[in-house]
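Here we start with a single chain on its own, the form predicted alone, put down as structure tokens.
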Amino acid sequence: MKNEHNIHRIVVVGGGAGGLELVTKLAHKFRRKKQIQITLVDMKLTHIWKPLWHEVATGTLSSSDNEINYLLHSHFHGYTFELGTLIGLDRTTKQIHLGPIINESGYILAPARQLPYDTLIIAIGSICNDFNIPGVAEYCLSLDSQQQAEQFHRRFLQRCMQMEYSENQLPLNIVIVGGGATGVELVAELNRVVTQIHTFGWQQINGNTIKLSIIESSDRLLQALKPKISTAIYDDLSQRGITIYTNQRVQSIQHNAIITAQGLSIPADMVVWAAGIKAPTVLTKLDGLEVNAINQLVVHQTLQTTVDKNIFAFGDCAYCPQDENKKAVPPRAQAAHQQASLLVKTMQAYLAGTELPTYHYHDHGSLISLSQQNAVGQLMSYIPGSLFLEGRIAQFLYWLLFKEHQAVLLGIWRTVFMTISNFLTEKVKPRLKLH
């Protein structure tokens, strides 16, 4: 199980919530075992919890206040970090291929290179699925990364500036395509931001000049959750003046309009595409590893890929059927969190040459943030059925999820001190990033 240097190299590709939690736990578990080397590979230098990206996009969260630097984190937690983008794989020589690192001017900062492994774990997440709909690539933004969230923020502020100082006050129509968690949380946060910008002094920015809409192809928002949650969220968003289109499948995106298959033409000056997911295309080019129709790596319940037992995958980039019904694990943060915890035990068994544990998804419920004004969700209880929550209790539980993630990465006491510090400085920090 070891290479010629008597060191077993575990390489994790992808520093999202699941990948970063995994390397942190593995580093702590194998801290005293010098013959085990753990490496994290990511295309960025910093990590932000993905459920917070919609707040970065609207400016209600400063990314610099919540970033974790991989280099610093790896130094203090006992693993190594490699900056790079996965572009290929050689299973015979057990090497991954990393593309060159290029800056905004096209200058090569680091050349393409190879990184050897003994065990490879892929956790590169997912991106939006545009379903090959005309106009999506040309006219839509998405929130697949922190950089894209920041790009939306810049464009949104620029449009607000134009409106504030323009003599021709035409409304700005912002449309979110996709009524899942990302779309719902983003449109709710935007609604809050519009109100704040008006309060801060841009008098032309209000609910009459900025029109917010959300489009969903199914008959209700948050189709994956209970109808009671969908109804509560529909009512909340409607009361805020947000236009909701259901049973409308997008047929094409034009320069200033969205055309649906049902015949609607919806005005759209800014469009965020948040409908459906797929795994990155690079997974289809990994030396014959099996993928499904949306590029996810097909894995057994041990999370091993079907073609190579030395390669594991988890999170949104993996297709993991469950038991006899073959229903796949849903692409949700709690699934990645559960799988990361399982893989710590898996690596112990794998290195010892014993039977590997299998993954069984446990649904603990869902929480949807509707900005600081509200939250809605359901918790799965130990008795049949689920517990419906909304308001401050749901908000508090949503906040606790983030704190749980921080505690895994930073430790309980550091998380406690950071939380206290943020609470004490909250009153002197700007509530909205306007630059």
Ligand SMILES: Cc1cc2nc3c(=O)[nH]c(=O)nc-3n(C[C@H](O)[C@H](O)[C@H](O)COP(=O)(O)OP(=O)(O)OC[C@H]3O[C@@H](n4cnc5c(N)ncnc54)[C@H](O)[C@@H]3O)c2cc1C
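Model, not experiment: these values are computed from the prediction. Start at 1 and count along the sequence shown; that's the residue number.
Here the subject shifts to the form predicted in complex with the ligand, a form of this protein not shown in this document.
Counting only heavy atoms and a 4.5 Å cut-off, does the ligand in the predicted complex sit next to every one of 171, 207 and 241? No, the candidate spot makes no contact with the ligand.
Within a 4.5 Å heavy atom cut-off, is residue 143 in contact with the ligand in the predicted complex? Looking in the predicted complex, residue contacts with the ligand include residue 143, since a heavy atom lies within 4.5 Å.
At the 4.5 Å heavy atom threshold, is residue 70 in contact with the ligand in the predicted complex? Residue 70: yes, in contact with the ligand in the predicted complex.
Residue 398 near the ligand in the predicted complex, any heavy atom under 4.5 Å? Yes, contact at 4.5 Å.
The ligand contact at residue 185 in the predicted complex, heavy atom, 4.5 Å: Yes, residue 185 sits close enough to the ligand in the predicted complex that at least one of its heavy atoms falls within 4.5 Å.
Which of these residues, 213, 230, 148, 85, gets a heavy atom within 4.5 Å of the ligand in the predicted complex? Comparing distances to the ligand in the predicted complex, the residue within 4.5 Å is 85.
Listed residue (297, 272, 123, 268) with a non-hydrogen atom within 4.5 angstroms of the ligand in the predicted complex: It is 123 that has a heavy atom within 4.5 Å of the partner.
Can you pick the stretch from 26-34, 41-49, 61-69, 406-414 whose heavy atoms fall within 4.5 Å of the ligand in the predicted complex? This holds for exactly one stretch, 41-49.
Mind listing which residues of 10-39 have a heavy atom within 4.5 Å of the ligand in the predicted complex? The stretch touches the partner through 13, 14, 15, 16, 17, 18, 19.
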